Each structure stands twice: as structure tokens, then as C-alpha cells.
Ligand SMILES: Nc1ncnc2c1ncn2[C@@H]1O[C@H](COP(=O)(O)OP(=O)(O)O)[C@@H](O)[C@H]1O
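Only one chain is shown below, in C-alpha cells, and it's the form predicted alone.
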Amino acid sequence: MNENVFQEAYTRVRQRRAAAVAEVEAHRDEIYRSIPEIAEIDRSIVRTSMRIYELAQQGRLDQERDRIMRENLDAQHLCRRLLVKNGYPEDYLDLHYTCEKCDDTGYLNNSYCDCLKKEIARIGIQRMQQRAHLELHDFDTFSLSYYRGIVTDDGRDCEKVMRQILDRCTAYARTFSLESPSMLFFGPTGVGKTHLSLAIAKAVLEKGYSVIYDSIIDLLGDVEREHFGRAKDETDTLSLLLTADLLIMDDLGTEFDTSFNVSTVYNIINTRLNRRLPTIISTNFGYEEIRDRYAARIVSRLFAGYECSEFVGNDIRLLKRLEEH
């Protein structure tokens, strides 16, 4: 794990704890000014705590424990009633941590708490996004006019097909959750796969989910460098790819056909399917090219475990360049 990433994540978690403590201290100052009775009750609870210590030192705590506990409980109930009577929530003086499991310490049972692990992943993903220099797109800028009047070799209306895909992607982004299905976008270059993938990424990011988007060749390159110890900045890219809320891998099929890449692609696809984490993969290959390029275990998982959308039309990038001239 990258030490800088860990320290940044740990600092963020501890800052949440400090903010919670500061908030309750501010609440206490406010209440002591507006409801002096609560200040006196708190002072009596402090005196009781000192009394408990004295009794423990004298070996007499067992004799007094039940009475002291009742008195403290009655005092706490009185505080809550006074708060409500004066228009405050009854838990106004309680500490409210972001993570109730570890109280924003980052540790649980001498191990990293899930909240710290998620923060580490979030920072790692943010750094990957910055490195990729993504230019996120909107669904509104996806123009169906480029598909108008075009018919596929088997007679399908390209505009109609792409309108259905646009509607499917828009609904996917609008309703996205960790229960969303995985999707495979395939078809020739320049027909909108990247645009709609980036539009989904933007919408899902705005919902607060973690998203990794990059070309498969770059992602596999990072994994390989880290695996063989050639990366200077040791980030566990593979772990991030296996745990991100949404992984979008572009240009499947452009990676080098090596045993390492094949096994890594299978690992990513299979692990995320088993964990029921949504993944979007785009490729310029058609079904037969995917079948010829990849092992049966990858092909079966792609076409059985993913919702498939075949993109059609002419190369939009080429059409736009022609319009400019």
C-alpha cells in the first residue's frame, strides 16, 4: 500500500473524529449557557465519577455500584428531558461519529476498519482519475443525428438502435446502485461507446460512488509494473480494480496478448462478477473476434454475465472532421 495514500486516508478519518468532538463541545457550551441546570447535572456526574474512583481504591465499589449507576442513569435521563423541554433533540449532547463501528479511529479489533479501507480506495481511485485526464461527457451532448438515414448490412435502422442504447444507458446511470448489472459495449470504432461510458461515469460519480475509468491497456500496464516491482509509486491497482463501485474498461482487445494479461483480465471479470460489482467493458471487436481472441472462460462470462449492447453506425469522429472542412 502506498504510504502517502494511507496517511492521507488516515488523516481524513481522524479529521472526522475531531470534527465530531468539536461539534459536541460547541453544543455543550451552548447548552450550558442556555440551560444552566444541565451544567450542574454534568458537574454532579463528574463528581460521581471521582467518587467511583475513590470507592474502587478503598475496595468498597461493589457495595455502592448499583446505587451510583442508578443515580447516573437518572441524571442522564433528566438531561435529555430538559433538552427536549427547551426545544433541542434529546441526543444533542451525544457524540455522533461518521463511522459507528470504530468511532472514526480507523481501527477495529486491531485491524483497519472498513471506513479506513474505503477512504484508502477512494483516494487511490481519485489519483487514477486525475492521471487519466478524463473529459467526462453528458448524455445531452450525445447526438442521434449522426445515425440518421444509416442502415446496417442486415437492415437495421441505426438511429433506432442507438436511441434504444442511449435510453438504456441513461436509465442505467439514473438508477445506478451496487446491484446494477455489468454491461458490454461492442461495435466498430467511433460509434459512441466511449461517449456513453463517460456519461455514465459522470452520473455515477455525482451520486457519490467510486468509479475507475481507463483504457484496458493502461490499467493492465499499471498492474504488470506493480506485480513485477517496476513501479516507483506502489499503488495496489489490481485491488482498486477489484473493489471499485463501478469499473469501466475501454478498448478491450488492444492489450498485448500475453499470459499475464489474459489471466489478469479473467481475474478482474470473474472476481467482480462473483462479488456482484458492476463493470462496463467496451471493445471494437464483434462477437466472433472476441470468441477468437479470448479463452472460452472469458467469453462465457462476458456474454452470459453482462448485458450486451451492439453499437452501430459510421465513425462519428470522422464525420465531425468532415463537417469542420
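Heads up: residue numbers just count along the shown sequence, starting at 1. Remember, it's a predicted structure, so these values are computed and weren't measured experimentally.
One more form of this protein exists, namely the form predicted together with the named molecule; it is left out here, but the text below deals with it.
Stretch 143-151 is the answer when you ask which of 79-87, 143-151, 107-115, 202-210 has residues with heavy atoms within 4.5 Å of the named molecule in the model of the complex. Interface residue remark: residue 253 is not counted as part of the site for the named molecule in the model of the complex, having no heavy atom within 4.5 Å. Contact annotation for residue 194: at least one heavy atom lies within 4.5 Å of the named molecule in the model of the complex. For residue 284, a non-hydrogen atom is located within 4.5 Å of the named molecule in the model of the complex, even though that partner is not displayed.
When the named molecule is considered in the model of the complex, residue 137 lines it closely, a heavy atom lying within 4.5 Å. Proximity to the named molecule in the model of the complex, defined as a heavy atom within 4.5 Å, holds among 177, 189, 126, 164 only for 189.
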